[in-house]
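In the block that follows, a single chain appears as structure tokens, in the form predicted alone.
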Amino acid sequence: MNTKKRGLVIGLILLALLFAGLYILENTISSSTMLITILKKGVIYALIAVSMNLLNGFTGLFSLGQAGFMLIGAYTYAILTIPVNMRGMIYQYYDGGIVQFALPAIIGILCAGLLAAFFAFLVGLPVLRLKSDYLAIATLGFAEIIRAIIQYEGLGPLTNGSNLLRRFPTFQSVLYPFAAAAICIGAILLLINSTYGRAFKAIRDDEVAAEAMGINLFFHKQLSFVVSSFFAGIGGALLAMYQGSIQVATFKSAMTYEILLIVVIGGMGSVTGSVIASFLFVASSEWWLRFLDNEMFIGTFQVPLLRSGFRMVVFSVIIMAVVLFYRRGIMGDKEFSLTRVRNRLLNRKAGRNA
């Protein structure tokens, strides 16, 4: 068995063990515990971060429109899957809305990705001719325009205006988002390791040289942009399912900055880095440091600074330290590999024995 096939078999075995472990964990502890909550949100953020890394890390396009495509995906999923008998209660200001049918959840998720990809195709026609900061500003502006359009009262019968959308199908099991994210990230990995992925990396490294080699710059940039947005739309639909309700205010530009921060911490050009950083980011910001928001007394002495909001101050300091000391991120542009780990251990052992 060659190295590539052996790696694939080992990867599938590890994936099976992961799902078995999640199944045991979910049936051992309550589904409402913080650990299960972090796992659900962390894997959704992992998918979105990997989709952004495909564009920013592997293709070298600095886009800040991820929250906009997530917003499109979340609203598309919600609008298409709300049960018909619930629409009158949800669209109470718009006579039940104009959509009077409900699609299965899986089809709704696919539609969320497809509509996000369609908008990415249209937006990409003009903006992908821009470079660097200009592209970032253009995509950020697109995200803000989408937020404003969805809140527009004239579209209320479709989007419910600035009101909540709810009652759409959600997931209770942690296996559901993990399975969806595993399939999507697997598809992104296949793309990265294909000839298209090599073209993306060539464009990232040197556009002039890539064009001289016969690579169609605009086609490959748009392909990366559309595929990234497709999976961002699916991530938005999964986030809607996780939250149980959605509103435009959730998808602010700060969400894009969070995803970008995860990509930078994990390593630009590393899929496993984005996955690891996603869980670390979600766990640190919402769980491990939560005690810092509560006042603490040691006898009659009150510990200074511990109060609501201090958690984010400490979290920001930690992020700054990580960025300063790990400038290329946790993984850099490398991927986690059991073979690489084994080789490092063998090299260290050989060094000690020398």
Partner chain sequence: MNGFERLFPYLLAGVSVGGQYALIAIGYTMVYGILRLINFAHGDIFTVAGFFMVYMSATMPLVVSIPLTIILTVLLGFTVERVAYKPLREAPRMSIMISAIGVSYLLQNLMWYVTGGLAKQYPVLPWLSNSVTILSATTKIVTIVTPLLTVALVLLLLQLINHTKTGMAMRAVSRDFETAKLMGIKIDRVISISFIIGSFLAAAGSLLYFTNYPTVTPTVGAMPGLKAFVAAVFGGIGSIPGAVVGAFLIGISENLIKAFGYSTFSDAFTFALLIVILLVRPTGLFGEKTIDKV
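The structure presented is a predicted model; accordingly, all values stated were derived computationally and were not measured. Numbering follows the first chain given and starts at 1. If you superpose the two forms and keep the largest set of C-alpha atoms that fall within 1.5 Å, you have the rigid core.
There is another form of this protein, the form predicted together with the partner chain, and it is not shown here; the text below is about that form.
Taking a 4.5 Å heavy atom cutoff to the partner chain in the predicted complex, the contact residue among Tyr257, Tyr93, Tyr196, Phe218 is Tyr257. Taking Ala78, Ile109, Val271, Val264 one by one, only a single residue has any non-hydrogen atom within 4.5 Å of the partner chain in the predicted complex, and it is Val264. The partner chain is not shown here, but in the predicted complex it comes within 4.5 Å of a heavy atom of Tyr152. The partner chain in the predicted complex comes within 4.5 Å of a heavy atom belonging to Val323. In the predicted complex, Ser316 approaches the partner chain with a heavy atom inside 4.5 Å.
For the chain shown alone, Arg290 is not a contact residue for the partner chain in the predicted complex, no non-hydrogen atom being within 4.5 angstroms. Screening 67-75, 224-232, 134-142, 183-191 for residues having heavy atoms within 4.5 Å of the partner chain in the predicted complex returns a single hit, 134-142. Contacts between 77-108 and the partner chain, taken as any heavy atom within 4.5 Å in the predicted complex, involve no residue at all. With the core superposed, Val322 shows a C-alpha displacement of at least 2 Å between the shown form and the other one.
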